[in-house]
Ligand SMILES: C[S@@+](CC[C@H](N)C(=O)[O-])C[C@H]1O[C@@H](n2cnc3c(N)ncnc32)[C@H](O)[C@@H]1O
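Given next, in structure tokens, is a single chain: the form predicted alone.
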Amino acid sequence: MSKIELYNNDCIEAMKKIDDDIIDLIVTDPPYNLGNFMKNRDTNLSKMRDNFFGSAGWDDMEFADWEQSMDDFFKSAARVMKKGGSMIVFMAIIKVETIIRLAEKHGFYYKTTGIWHKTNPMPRNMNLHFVNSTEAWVYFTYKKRTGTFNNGGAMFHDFIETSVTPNGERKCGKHPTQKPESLIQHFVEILSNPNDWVLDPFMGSGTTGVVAKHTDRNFIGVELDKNYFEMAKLRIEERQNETKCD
């Protein structure tokens, strides 16, 4: 049985409870620091989606405060990571340079920046400009220039295509930036092994935990928002105990 530990807390405080040098893989989707930026943009996003992330209250930090919070995160992540462990951080393309700089400061080796392409993106402003259908992800290893990479001899590109999160994965509730399980599973299976410890310090709706359970990895998840934490817990328990969200 995979071990599951869930914390409804600030990630820095929760990570203090994790032992040194035990995490094999971090897959996480922290705030992109785009809330204030998007509120000032000429976009109809908030009209098309009832849980627009820019109005959620957790992505509206001033840049300096967000930068400090991410610096604190990488410092904590470095303590709990095994040497040679891997990390995938989803991030807005315009913030990637900042993320790389902060991660390298704490011993993470930058491997590459890749793209997730959504095959069925929301068609907002389609008659005005190019539809936003991509998000970036950044790949690091810790204290080594290589880590677990289960490619089985196949060539994996830094360009991944999936649909957006299907409705079947949203039956426990909606999260504005929820990633599909197939996307997260791609990274978990390549960058870790069964019985490894996977950490998601910004757990959101719990997708990384669901995938970890499904692929026989141990999982530690942290989520500050009480409602999202309960949603994630229910999703992971559904996978674990075959309970139902509805």
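Predicted, not measured: the structure shown is a model, and the values here were computed from it. Note that residue numbering follows the sequence shown and begins at 1.
Unshown form predicted in complex with this ligand; subsequent notes refer to it.
Asker: Does residue 234 reach this ligand in the predicted complex if we count a contact as any heavy atom within 4.5 Å?
Answerer: Result no; residue 234 lies far from this ligand in the predicted complex.
Asker: Report whether the minimum heavy atom distance between residue 224 and this ligand in the predicted complex is within 4.5 Å.
Answerer: So residue 224 counts as contacting this ligand.
Asker: With a cut-off of 4.5 Å between heavy atoms, is residue 10 one of the residues that contacts this ligand in the predicted complex?
Answerer: Result yes; residue 10 sits at the interface with this ligand in the predicted complex.
Asker: May I ask you to state whether residue 203 is within 4.5 Å of this ligand in the predicted complex, using heavy atom distances?
Answerer: Residue-level check for residue 203: yes, a contact with this ligand.
Asker: Quick one: find which of 153 to 161, 108 to 116, 169 to 177, 95 to 103 has residues within 4.5 Å of this ligand in the predicted complex by heavy atom distance.
Answerer: Contact-bearing stretch, as computed: 169 to 177.
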